[in-house]
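Given as structure tokens, the chain that follows is alone and in the form predicted on its own.
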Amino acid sequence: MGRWEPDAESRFRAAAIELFGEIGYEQTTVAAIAERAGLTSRTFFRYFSDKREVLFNGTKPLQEAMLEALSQAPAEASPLEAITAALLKAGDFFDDDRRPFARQRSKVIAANAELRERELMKLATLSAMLAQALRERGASEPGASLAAEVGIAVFRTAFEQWVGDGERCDYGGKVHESLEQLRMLWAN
């Protein structure tokens, strides 16, 4: 194999998600991922610290984009309106090309307690970051924390629907549907 391989990160990601689906997350080794990708284990570790990172390495860019969208919401926007801007910005990461990977990723995480815990920690961290950003915009407590937690609930609901088998609606549409459901529940 050559010293530099084009698109190695994507090849590792595709190989890992295939293997996770075929033989399970626990049984999949880095060596098997590298072999499936046609690369070396050493090259794998240039992109990922371990096999979990194949599933979680997009967290930081997503968080940064959501925080930026929240901070750029109009000054007169309510905390929930600012959170909505952040939720919709996440749609930049959830396009139709990424849906098959996201679908399989969700299944792998759902089948593994360690990965479910990691996903929950990721969402708790995002909630804390959103709440802090709202406080920096002048929102008081407990409103900032409540708005952030509501945002995470909408995020999870919209994402779970977006990755659902046979789903065709875009993520932003699912965010709007979830917010409308929340409004209807609140009105009743």
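Note that this is a predicted model, so its numbers are computed, not measured. One-based numbering along the sequence shown.
Below, we turn to the form predicted in complex with another copy of the chain, even though it does not appear here.
Just one of Gln63, Gln132, Gln161, Asn57 comes within 4.5 Å of another copy of the chain in the predicted bound form, counting any heavy atom, and that one is Gln161. For the candidate set Val30, Leu126, Ala37, Ala147, a heavy atom within 4.5 Å of another copy of the chain in the predicted bound form is found for exactly one residue, namely Ala147.
Although the partner is absent here, Arg156 sits close enough that one of its heavy atoms falls within 4.5 Å of another copy of the chain in the predicted bound form. Contact between Arg99 and another copy of the chain in the predicted bound form is not found at the 4.5 Å heavy atom cutoff.
For the chain shown alone, Pro142 is a contact residue for another copy of the chain in the predicted bound form, at least one non-hydrogen atom being within 4.5 angstroms. Taking the partner from elsewhere, Lys107 is found to have every heavy atom lying beyond 4.5 Å of another copy of the chain in the predicted bound form. In summary, the region of this chain contacting another copy of the chain in the predicted bound form, judged by heavy atoms within 4.5 Å and restricted to 85-93, 99-107, 67-75, 113-121, corresponds to 113-121.
For the stretch 50-81, the set of residues having any non-hydrogen atom within 4.5 angstroms of another copy of the chain in the predicted bound form comprises Ser78, Pro79, Leu80, in sequence order.
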